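Presented as structure tokens, the chain that follows is alone, the form predicted alone.
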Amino acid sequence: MLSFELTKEQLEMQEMAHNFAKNEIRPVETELDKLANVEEVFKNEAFWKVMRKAYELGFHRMSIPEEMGGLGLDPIVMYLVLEELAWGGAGLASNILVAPVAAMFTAMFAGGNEEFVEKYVRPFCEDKEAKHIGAWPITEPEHGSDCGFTADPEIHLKTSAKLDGDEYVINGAKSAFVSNGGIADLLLLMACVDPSQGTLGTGVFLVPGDLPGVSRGKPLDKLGLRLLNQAEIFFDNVRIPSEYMLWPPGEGYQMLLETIVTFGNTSVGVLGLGVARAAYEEALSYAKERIQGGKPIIEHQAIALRLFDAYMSIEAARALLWKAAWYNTTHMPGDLRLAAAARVFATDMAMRVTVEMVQVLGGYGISKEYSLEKFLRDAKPLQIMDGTTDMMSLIASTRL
């Protein structure tokens, strides 16, 4: 029999994350979201203050093994934390979520290379100043989901890595949708090594972000998730030692990518859950206080039904996400069908619930006096990031 009862340790982590989200993330996310020039967001001391506090609390190293300096938490605990962070602000939560990607995969695939662990993993885990941030550059201007889940040998990444002696020379560009792209100092880069193999010719490289030839574009100016840094990354004859290839091209690449997307999609679903819950709680509080027709509007059936539908949808999404998290923990490398189902359900739910919660507030719902319009704007990108919900549904349907 499965139990939904959380342990004392899990409850403590959840409470710590909620307090951080309430006291640190929510105020900063609300204020910086209003900046018209998105470039100013990532120059603002308030943004970096929150990131530093997140690092001080260890949220950046939850997924890294204890023996390498991390917390070694299982996905269920990490998703408990992530829901609370996203409740506070999905943009900052996304930055924190992506930050460990390069260090985490270095820890997993460096092949016992202690030099890599000492140079890149431990310094990341010991960081309390948010100086070390990871990114995963894969999407390109001409290629997105088609570069991971297609058998067409003619389709491959345009960013190339060519062997020259004992070094790889990297050239190309990654699109503006690279999360943390403009602020990361360590990149988990996907680049084409052997175009004759199509997508299977992709290699995975660890690339320090300060190497000569690495440059960044301006942060993407988005509808929502405005505190998630996303920017282009360019590679112009970037040279890197051959041992910095963490995963070689070949049949194993698709399995690796599927594993990344499985865990990533579950995480995006949790972000949607946090946003929906934030919207629901604000609308519920408003409905209990707003008087119309001589009584609080929650006593009007149309409002009560909207709120109950939101409550029901949030609980259903959380149950599905927890099942995906449990499966990811107990059945490596996880189940893409289940992860996609949880993500699509949760992010579609977030979009629908935020729309309905705006409606609960009526005219105030579209006013910046309340946070509902921001939650609505933050929900929409979650149906697109890490593979659109349409694409993930199509991919998952082939696994049925």
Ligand SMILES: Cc1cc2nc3c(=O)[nH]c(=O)nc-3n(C[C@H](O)[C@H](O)[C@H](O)COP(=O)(O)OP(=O)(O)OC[C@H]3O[C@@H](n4cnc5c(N)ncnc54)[C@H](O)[C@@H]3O)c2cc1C
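If you're wondering where the values come from, they're calculated on a predicted model, not measured in any experiment. From 1 onward, residues are counted along the sequence shown.
The next section is about a form of this same protein that is not shown, the form predicted together with this ligand.
Counting non-hydrogen atoms within 4.5 angstroms of this ligand in the predicted bound form, say which of Pro195, Pro123, Gly144, Gly250 makes the cut.
Answer to the contact question: Gly144.
Please identify the residue among Tyr327, Phe105, Phe177, Tyr244 with any heavy atom within 4.5 Å of this ligand in the predicted bound form.
After the contact test, the surviving option is Phe177.
Contact flag, Ala21 vs this ligand in the predicted bound form, heavy atom cut 4.5 Å
Contact with this ligand, no.
Answer yes if any heavy atom of Met16 is within 4.5 Å of a heavy atom of this ligand in the predicted bound form; otherwise answer no.
No.
Closest heavy atom of Leu228 to this ligand in the predicted bound form, within 4.5 Å or not?
Close contact exists here: in the predicted bound form, Leu228 approaches this ligand to within 4.5 Å, heavy atoms only.
Should Ile138 be counted as a contact of this ligand in the predicted bound form, where contact means heavy atoms within 4.5 Å?
Flag for Ile138 set to yes.
Hey, of 130-138, 115-123, 207-215, 295-303, which bit sits against this ligand in the predicted bound form at 4.5 Å between non-hydrogen atoms?
Stretch 130-138 is the one.
Relative to this ligand in the predicted bound form, which residues of 371-392 have a heavy atom no more than 4.5 Å away?
Counting only heavy atoms within 4.5 Å of this ligand in the predicted bound form, the contacting residues of 371-392 are Pro381, Ile384, Met385, Asp386, Gly387, Thr388, Asp390, Met391.
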